[in-house]
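So this first bit is one chain, no partners, the form predicted on its own, shown in structure tokens.
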Amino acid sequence: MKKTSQPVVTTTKSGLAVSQEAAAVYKARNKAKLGAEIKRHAGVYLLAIIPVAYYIVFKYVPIWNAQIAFKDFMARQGVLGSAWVGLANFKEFFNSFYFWSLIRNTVMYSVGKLLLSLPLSIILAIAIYECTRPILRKIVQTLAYLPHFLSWVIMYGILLALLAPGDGVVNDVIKAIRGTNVGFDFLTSTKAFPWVVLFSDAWKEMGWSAIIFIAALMGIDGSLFEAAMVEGANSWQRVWYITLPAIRPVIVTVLILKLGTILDAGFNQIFMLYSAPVYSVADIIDTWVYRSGLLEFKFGLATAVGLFKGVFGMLLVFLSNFISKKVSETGIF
């Protein structure tokens, strides 16, 4: 008897066994469908080109250049041609006389901003959400996040007008209360300068940070508040037992992400506000790298410090996420 040829059988993603011809037709239809979807949403893909290019150029390409941290980088020789020095740049940073004071100041400002700005942002978001007057809500929200769009150069001018020892608004009030003509220089005092940094950062970023919490509050089921009001719960009880638990996952996520940048204390702010008299309490890792690394063309040292900050922040994110999942069963991954 003549043997009949058996069709070649393949398996699709859904687990169905089909012939090779049917599989080819299936793939062709999927490609055509994908092409039609891409053509349909071409405008969206065109808009995505800019952010994708940004992340490639400024986020992924620098990963390759991170090897400068282990080299004595020379611009003429390039990244690959520069001499390999191993951990010499890291040792120079760790053995620096200012290392522990830099770590102390950086962590102090980062943690201080986190402990001050995060609760204030949550309180502002709840206050705006609970406001029953739409016009007042819009005015407060606009005025709150407007300072975010001002650069620290402009903010420095505003702070100088407020805190100047001679004719600053705050010092005019202090002089009137004390009955003296002697003002207080907040920006050159080692005791007052850290508080100026913390509160000015909270003032500038509080409104912008509150936006994500306002968005989370908008997703709460309104029937929960209605049921609580029927049961006799007052405003504080509704906030404590409904609002805060509902946005807890968002709070945890924001907290974990901010812990990843714990060594970023705000270069632009400190650089604009600090001066030689307050170096002992104002100098952070980034300002030291700017003076000791970039101004002296020690690009290897600057890259080593940046790599150290990145690795430390990544480990802190993993650790805080692990602890958060163990304690509250909430995490970002």
Partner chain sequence: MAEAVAKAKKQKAPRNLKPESMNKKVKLTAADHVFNICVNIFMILTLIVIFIPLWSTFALSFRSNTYLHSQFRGMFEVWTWVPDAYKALLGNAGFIDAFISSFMILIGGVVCALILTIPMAYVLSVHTLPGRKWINILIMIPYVFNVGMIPAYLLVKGIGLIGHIPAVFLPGAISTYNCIIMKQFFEGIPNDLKESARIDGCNEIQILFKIMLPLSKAIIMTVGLFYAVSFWNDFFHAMLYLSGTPVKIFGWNMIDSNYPLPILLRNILMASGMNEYVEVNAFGNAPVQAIKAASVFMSAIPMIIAYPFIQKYFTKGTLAGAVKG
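Numbering follows the first chain given and starts at 1. Everything numeric in this text was worked out from a predicted model, so none of it was measured. Definition used throughout: the rigid core is the maximal C-alpha set that superposes within 1.5 Å between two forms.
Not pictured, yet referred to below: the form predicted in complex with the partner chain.
The partner chain is not drawn, but in the predicted bound form it has no heavy atom within 4.5 Å of A28. Proximity of F90 to the partner chain in the predicted bound form: non-hydrogen atoms within 4.5 Å are absent; the residue sits far from the partner. Looking at F97, you'd find every heavy atom of it more than 4.5 angstroms from the partner chain in the predicted bound form. In the predicted bound form, the partner chain lies within 4.5 Å of some heavy atom of R133. Residue heavy atoms within 4.5 Å of the partner chain in the predicted bound form occur in exactly one stretch of 189-197, 107-115, 247-255, 80-88, and that stretch is 247-255.
Contacts of stretch 125-147 with the partner chain in the predicted bound form, defined by any heavy atom lying within 4.5 Å, are made by A127, I128, Y129, E130, C131, T132, R133, P134, L136, R137, I139, V140, Q141, T142, L143, A144, Y145, L146, P147, listed in sequence order. Core-aligned CA deviation for I284 between the shown form and the other one: less than 2 Å. Once both forms are fitted on their core, the CA shift for M272 between the shown form and the other one remains under 2 Å.
Once both forms are fitted on their core, the CA shift for F213 between the shown form and the other one remains under 2 Å. The pair E296 and V278 approaches in the predicted bound form: their C-alpha atoms are at least 3 Å nearer to each other than in the form depicted.
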